[in-house]
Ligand code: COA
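Starting off, we have a lone chain in the form predicted alone, written out as structure tokens.
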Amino acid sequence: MSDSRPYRSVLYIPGSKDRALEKAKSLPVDAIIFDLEDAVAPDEKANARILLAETLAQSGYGQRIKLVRVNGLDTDWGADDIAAFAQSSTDALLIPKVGSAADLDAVAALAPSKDLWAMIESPAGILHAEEIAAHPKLKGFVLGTNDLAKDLGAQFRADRLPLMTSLQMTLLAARAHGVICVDGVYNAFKDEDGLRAECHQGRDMGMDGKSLIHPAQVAITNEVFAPSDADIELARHQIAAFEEAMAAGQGVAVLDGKIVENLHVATAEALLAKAAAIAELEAS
């Protein structure tokens, strides 16, 4: 991964709701998607763009990653959205319904200094995920699982089996090119057990975090996608055991009856770096 900052919780905030924009400044989220697309009605989009630009110019969001989801260039609002935030202090523009690298080329031509993220939410996006991930301006993926399920005609199931191929193809592309991969939303925001189960599934697959539709989902998501105390302790013991083995001229170590190789050490070091980044973020 090219970015050491945590992306456990990535919360959508409507760009048209000033109260929601203000509340987001106090939420313990790692990243915010300021949404000008699906969350904003057509007759509110121009005003939402102005409100969001003014709000972000005032800052107040601390170290939270700030992503602006613009409307697509195939709409009446996309070009103006991109122009409004091309020179802003936001971390990146999030482009909806990306189906190929050419979609990113078109945005990059209008905002050459901005990093880009891509919504992967269509069959075309899944099938071209590798070329999209390879784009030089691309820093992250966000899965749009609701739109994807609609386009596939897939059923919503707790195990997400109908979406598993798409999720894994996107994650493979992200990992091949060192970009962030954020899982899709969990729609039933009052169902804490269901959210926790889906967070565990995404974490175990290798997702960096989860996109959220409600502040009530933040605590569980932050907990699941953060290394546990047991994870941290194991990582430290693995590193220590391997270093001891190397000092003794051995290429592998044994810890609690299990082999520890350099690949396990690399994973352990990445986990400790993530834990340190989370601790620094929470301390700030």
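Position 1 is the first residue in the sequence shown; the rest follow in order. Computed from a predicted structure; not experimentally measured.
One more form of this protein, predicted in complex with the ligand, exists but is not displayed; see below.
Undergrad: Using a 4.5 Å cut on heavy atoms, which of Ala197, Ala124, Met205, Ile213 is close to the ligand in the predicted bound form?
TA: By the 4.5 Å criterion, the partner-contacting residue is Ile213.
Undergrad: Just to be sure I understand the contacts: of Ile239, Met246, Ala39, Leu51, which is the one whose heavy atoms reach within 4.5 angstroms of the ligand in the predicted bound form?
TA: None of the other options qualify; the answer is Ala39.
Undergrad: Please pick out the stretch from 160-168, 184-192, 127-135, 105-113 that is in contact with the ligand in the predicted bound form, where contact means heavy atoms within 4.5 Å.
TA: Contact criterion met by 184-192 only.
Undergrad: With a cut-off of 4.5 Å between heavy atoms, is Ile13 one of the residues that contacts the ligand in the predicted bound form?
TA: Yes.
Undergrad: Counting only non-hydrogen atoms and a 4.5 angstroms cut-off, does Lys45 reach the ligand in the predicted bound form?
TA: No, Lys45 is distant from the partner.
Undergrad: With the cut-off set at 4.5 Å between non-hydrogen atoms, does Leu255 touch the ligand in the predicted bound form?
TA: Answer no; every heavy atom of Leu255 is more than 4.5 Å from the ligand in the predicted bound form.
Undergrad: Can Ala20 be called a contact residue for the ligand in the predicted bound form at 4.5 Å between heavy atoms?
TA: Ala20: contacts the ligand in the predicted bound form.
Undergrad: May I ask you to list the residues of 65-79 that have any heavy atom within 4.5 angstroms of the ligand in the predicted bound form, in sequence order?
TA: Going through 65-79 in order - heavy atoms within 4.5 Å of the ligand in the predicted bound form - there is one hit, Arg69.
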